[in-house]
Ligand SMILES: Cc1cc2nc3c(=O)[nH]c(=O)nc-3n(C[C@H](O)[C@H](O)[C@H](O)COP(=O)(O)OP(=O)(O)OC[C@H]3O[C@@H](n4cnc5c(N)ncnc54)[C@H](O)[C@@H]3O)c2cc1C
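Below, in structure tokens: the form predicted on its own, a single chain.
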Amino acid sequence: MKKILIIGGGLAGLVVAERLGNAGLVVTVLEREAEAGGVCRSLQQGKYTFDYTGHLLHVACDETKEYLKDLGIWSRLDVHTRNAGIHLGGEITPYPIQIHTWGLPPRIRRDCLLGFVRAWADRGGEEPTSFREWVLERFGEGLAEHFFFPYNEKLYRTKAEELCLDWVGRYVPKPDLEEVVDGALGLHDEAVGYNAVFRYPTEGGIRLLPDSVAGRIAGLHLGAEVVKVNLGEKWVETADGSRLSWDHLVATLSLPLLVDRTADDLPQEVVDARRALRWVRVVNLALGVRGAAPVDHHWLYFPEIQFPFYRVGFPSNHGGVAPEGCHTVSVEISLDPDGGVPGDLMATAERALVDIGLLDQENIEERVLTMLDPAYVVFDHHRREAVATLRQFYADHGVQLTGRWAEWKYSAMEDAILDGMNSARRFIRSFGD
């Protein structure tokens, strides 16, 4: 029997293992954390349940729906129509901003509408090659300067011109002129974007999903951190000194960490590619608060520089994660990869929320700080070549990279499920040949 080893217990890796096990294959999964799921997890603190930042399930494919039914959790996922907003100029307008400028202060609304009309009239030049050029060409200076540039530069901690276009795709709705004009007048009432509708567990947080998959995996080992990967001799070593050999290896841990753990002498092009990878960490301040939520939004975006956070969510507005009469808040702050957390950062974030009426500090019952590292891949102009080099290197050594972090991309939970299914299918087909 071939030895199939999966390092990393994120959602994609769990699905690979579950699908292969369902096909009668023996799989071992090594997960460094005490729980499965990677960042797709929840923790309990007192009376509150907190996710590791926002995790909402957007189901667009029938295959995903059938898989969730097979897991027995489809009926436990409530359906919600997105209620998100942008906090800008002291006002809140619905997301996405490009078709909902009606809620903004008149001056900002005018900038956005005129900028879009001018950009629309000037289209037809050279194709944009950077995110900065693309935003100006598609949305105009007003939307660029008030939202797209400051928000994405806050999130990715880099200038808009340093970002390429590989990530925009379905994640940035691109309206036509009529939609933008309707949006400025408050006449646009259709939900737009891949996340317009989402599902979330009725209670217990997002851990329902990874826990349901993990419960079907016999060979799941928690608290088993991989510290060394030997490609030539085909073994991995865990933090306790144990070594496990493999015939087939699936990696779902982050690509830079995989390279750092690889014990073989690496070609210079692989070393250079690893150095080219960029990402940001996200520190998430989760709060359990007495009283009703201050807004009915699911989450709010904050592009302005005076706010340290880029997004603030209210998970209890869409899930049973707080006791009756209480609510939860999720505050997300982007940080560079190196270093700790500034000592006054959380206090500054809380004060900013208090100042705009979104938090009463006297009613805070629980504070939980979690770190996601990496949290977001930075899609700069070097990423594509660097990732291609690393993918080819590991493919040449029989390692299959699966999921958001190993493939070093931007994706959602449904993508993780589908990535895992596709990876398992490739294995099953290869064994059948």
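Bear in mind that the values here come from a model prediction, so they are computed numbers and not experimental data. One-based numbering along the sequence shown.
One more form of this protein, predicted together with the ligand, exists but is not displayed; see below.
**Student:** Tell me the stretch among 140 to 148, 303 to 311, 286 to 294, 123 to 131 that has any heavy atom within 4.5 angstroms of the ligand in the predicted complex.
**Tutor:** In short, 303 to 311.
**Student:** Give me the residue from 224, 259, 359, 277 that has a heavy atom within 4.5 Å of the ligand in the predicted complex.
**Tutor:** Exactly one residue meets the criterion: 224.
**Student:** Taking heavy atoms and a 4.5 Å cut-off, does residue 33 contact the ligand in the predicted complex?
**Tutor:** Flag for residue 33 set to yes.
**Student:** Using a 4.5 angstroms cut-off on non-hydrogen atoms, would residue 55 count as touching the ligand in the predicted complex?
**Tutor:** Result yes; residue 55 sits at the interface with the ligand in the predicted complex.
**Student:** If you check in the predicted complex, is residue 252 within 4.5 Å of the ligand, heavy atoms only?
**Tutor:** Because a heavy atom of residue 252 falls inside 4.5 Å of the ligand in the predicted complex, the answer is yes.
**Student:** Residue-level question: is residue 422 within 4.5 Å of the ligand in the predicted complex, judged on heavy atoms?
**Tutor:** Residue 422 lies outside the contact set for the ligand.
**Student:** Could you pull out the residues of 1 to 16 that have any heavy atom within 4.5 Å of the ligand in the predicted complex?
**Tutor:** Residues within 4.5 Å: 7, 8, 9, 10, 11, 12, 13.
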